[in-house]
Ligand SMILES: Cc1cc2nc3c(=O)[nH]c(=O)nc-3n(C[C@H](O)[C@H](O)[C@H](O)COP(=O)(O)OP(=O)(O)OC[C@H]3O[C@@H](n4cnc5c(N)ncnc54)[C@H](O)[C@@H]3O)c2cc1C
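For reference, the chain that follows is the form predicted alone, supplied as structure tokens.
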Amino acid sequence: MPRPLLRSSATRREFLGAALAGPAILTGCAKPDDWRQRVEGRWIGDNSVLGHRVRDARDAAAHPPAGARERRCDVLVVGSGIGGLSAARSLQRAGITDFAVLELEDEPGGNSRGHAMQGLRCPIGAHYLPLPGPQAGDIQDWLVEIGLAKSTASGLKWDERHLCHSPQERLFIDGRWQDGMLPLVPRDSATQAQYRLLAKLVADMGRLGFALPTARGPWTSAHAALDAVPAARWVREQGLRDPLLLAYLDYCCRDDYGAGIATVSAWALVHYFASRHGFSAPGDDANDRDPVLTWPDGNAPLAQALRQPCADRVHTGRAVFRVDEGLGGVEAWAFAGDEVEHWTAKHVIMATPLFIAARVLRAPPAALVAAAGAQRRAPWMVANLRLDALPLDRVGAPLSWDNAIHGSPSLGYVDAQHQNLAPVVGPRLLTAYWAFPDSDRKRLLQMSWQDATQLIVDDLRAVHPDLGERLQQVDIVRHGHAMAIPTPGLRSSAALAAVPASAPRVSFAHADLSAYSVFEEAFTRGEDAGRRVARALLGR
């Protein structure tokens, strides 16, 4: 079988055949793993050491140390991910100015933080925001407020500089790149018929009402029935059996939820499509691609815009290890370097994952304990690869913003410089994403950066055979508990629904409350928590 053709991405010229450009690279004049001897690399991002200090602080939590530095505020927000920053914004807009936000990491933003490698900006977590729909009015208003859109008589007009430029996405399959993530097939094929069946199913289910964020939509017995079964079982019962379609659905779920169709609920799978743009078979609808906002460093500009109005109230490097709710207020203790801070407040907003809130609260509500215990969490790895130039590429669709490989265990990579308005020459930066099974969390935390890089190089070598030669530097972040997985029964859990109102002086503001983690859910949960606390404090 002849090798797939190669091209130089820098010039977009296609080689006439593998004999012209491929053999020296594919057969290995250079050793494929020479990068191990010359490439600089490191783990960055999540402070697992400090996080584990909180996990293991049983003595300190049981007996808070004397001599802690005393701090006070009306409202204490624990966590500065999107939920915490949105809660702070909501408090400020309601007139509550005496608040503080405590963050374990050195930078706020949670899974929306950004990074830079020798001046090249890149994401270390979430890298896009779909244009919010009518149910996300709060988010639409905020995006107008920060200048990303304008309200016009015909609706919102988006700043096109921040909409994802074309080409948006491509898939490597059958030895070449194709446009779009859904495998393209003949229109009279059995696979195309399966695509059309899925389109009909999504349209029919969409009539039930699916909203993003989920709290703005209905929840009926029909939704609960979908939530009760695994997605893999549901698609099988609907007659969806085509391997290409199943692989695509599995990729979609791994990309949004950190786990595939065998793990997530049928509600999560339907929600993926029905809450946004639906689903259309290729060729049946030319406008089936979801427009998204994105930046070189992913969603970091959104996190920065949320933080900016209250930047002086965000305190980083604070690891909260105990929160006590009393009749007259709330007390919290936090590691702050070599010191311990003791905070007193009238109210606390826990904008942390639920399992952390359940561990930190001295007397966690029963609903919180039950909901946290029911959640499984996906570990993620995000690796930024700085290259001296674009690597050789296979033929077909050109380098896109999002690039995936059919059948790969990874989620592919993003071209971090795709949004540059000027032509890019010289060094390039690719951001590779990998969602691990939750059973592999310990493996990820114990993995060396070299072995993690080897996983990525081996995965991408099929499409970029000289990637190892081009590689100059690797910065990798591992999110050990990146996101809640919407497993069957989680979204309809009575315990999860009871968490927001389970404690009088403690509120909760995290996407975990929606059973899965995306920007829209975190923003809305924070907004709602801030409003509730403001009403309580102001007597409204």
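A residue's number is simply how far along the shown sequence it sits, counting from 1. These numbers come from a predicted model, not from an experiment.
One more form of this protein, predicted in complex with this ligand, exists but is not displayed; see below.
Judged by heavy atoms within 4.5 Å of this ligand in the predicted bound form, the contact stretch among the candidates 152-160, 318-326, 199-207, 438-446 is 318-326. With the partner removed from view, the residue among 259, 249, 300, 382 that has a non-hydrogen atom within 4.5 Å of this ligand in the predicted bound form turns out to be 382. The partner is absent here, but in the predicted bound form a heavy atom of 127, alone among 127, 464, 347, 115, sits within 4.5 Å of this ligand. Using a 4.5 Å cutoff between non-hydrogen atoms, residue 485 does not count as a contact of this ligand in the predicted bound form. Interface residue remark: residue 400 is not counted as part of the site for this ligand in the predicted bound form, having no heavy atom within 4.5 Å. Contact annotation: residue 352 falls within 4.5 Å of this ligand in the predicted bound form, judged by heavy atom distances. Although the partner is absent here, residue 78 is a contact residue: one of its heavy atoms lies within 4.5 angstroms of this ligand in the predicted bound form.
Contacts between 72-109 and this ligand, taken as any heavy atom within 4.5 Å in the predicted bound form, involve 78, 79, 80, 81, 82, 83, 84, 102, 103, 104, 105, 109.
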